[in-house]
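Given as structure tokens, the chain that follows is alone and in the form predicted on its own.
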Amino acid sequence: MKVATALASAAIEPREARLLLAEACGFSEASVLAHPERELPAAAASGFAAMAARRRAGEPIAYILGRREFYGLMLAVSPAVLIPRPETELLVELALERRPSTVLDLGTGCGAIALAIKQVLPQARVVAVDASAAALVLAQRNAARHSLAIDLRHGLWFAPVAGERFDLIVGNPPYVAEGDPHLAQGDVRFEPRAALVAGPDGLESIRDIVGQAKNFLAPGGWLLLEHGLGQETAVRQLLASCGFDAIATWPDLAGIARVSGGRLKSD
């Protein structure tokens, strides 16, 4: 089978077909485009057909390839973790603006936020927590791949950091409401439900984090959390009720209110 024939028969988006064929063949995507007449080895054609079938069934490209780029870092991903998304890079940018010396990343998943911060602030001490042991295996692999030394710990939210305080706490916690119709659409159908859903209104995890954060922040420290569409007012109210000031919400590149945060009031 020739490259052009394989691409035409894939029945998926052309760009995705090229990515998967390049992966199956070990070619670059540019090479796939440049040589449509090339004959595919049988093993490559079979591997591509299997990957295209997975994509037709809706499986995310990132899980099929086993990787996703985030903030310039190529990261290993699997169905054990959420797929890092471009809008979460806003959280990294806001974190970096504060030039913290110590950072806690809650629900680190594959390590995307923690590693992005560490690559820009190599002197910072970055602790990354996740309740999923499988997620931490991926985060460790990604840290080793990029030679970025972060402190990975297993447990729910603040449990693994008892008695410690940080200049900055960041997180992309679950924030989807139970029964949200988006859970039956797109990539999220394949992502870990525990990393997506947070109670009837989607705010259970954020309430837990905001309610405890002051016990783990240094004086004047910041808490920054990603949240969902329309949740910004509730999150700002939670921050205000728990002793934060300088409270604000920041939009992503699509103009959607994506991150809210505040600074712990100094006594």
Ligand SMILES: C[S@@+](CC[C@H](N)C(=O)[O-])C[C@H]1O[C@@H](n2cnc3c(N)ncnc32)[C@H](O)[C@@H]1O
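All figures in this text were calculated on a predicted structure; none of them were measured in a lab. So that there is no doubt, residue numbering starts at 1 and follows the sequence shown.
Below, we turn to the form predicted together with the ligand, even though it does not appear here.
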> in the model of the complex, does residue 131 have a heavy atom within 4.5 Å of the ligand?
Replying inline: yes
> With a 4.5 Å heavy atom cut-off, would you call residue 142 a contact of the ligand in the model of the complex?
Replying inline: no
>> With the partner left out here, check for me: in the model of the complex, does some heavy atom of residue 100 sit within 4.5 Å of the ligand?
In response: no
>> Although the partner isn't part of this model, could you tell me whether residue 166 comes within 4.5 Å of the ligand in the model of the complex, counting any heavy atom of the residue?
In response: no
> Taking the partner as it appears in the model of the complex, which of 194-202, 46-54, 59-67, 232-240 has residues with heavy atoms within 4.5 Å of the ligand?
Replying inline: 194-202
> Exactly one of 82, 150, 138, 117 has a non-hydrogen atom within 4.5 Å of the ligand in the model of the complex; which residue is it?
Replying inline: 82
> Tell me, which of 184, 156, 74, 162 has a heavy atom within 4.5 angstroms of the ligand in the model of the complex?
Replying inline: 156
>> Going through 166-184, which residues have a heavy atom within 4.5 Å of the ligand in the model of the complex? Please give them in sequence order.
In response: 172, 173, 174
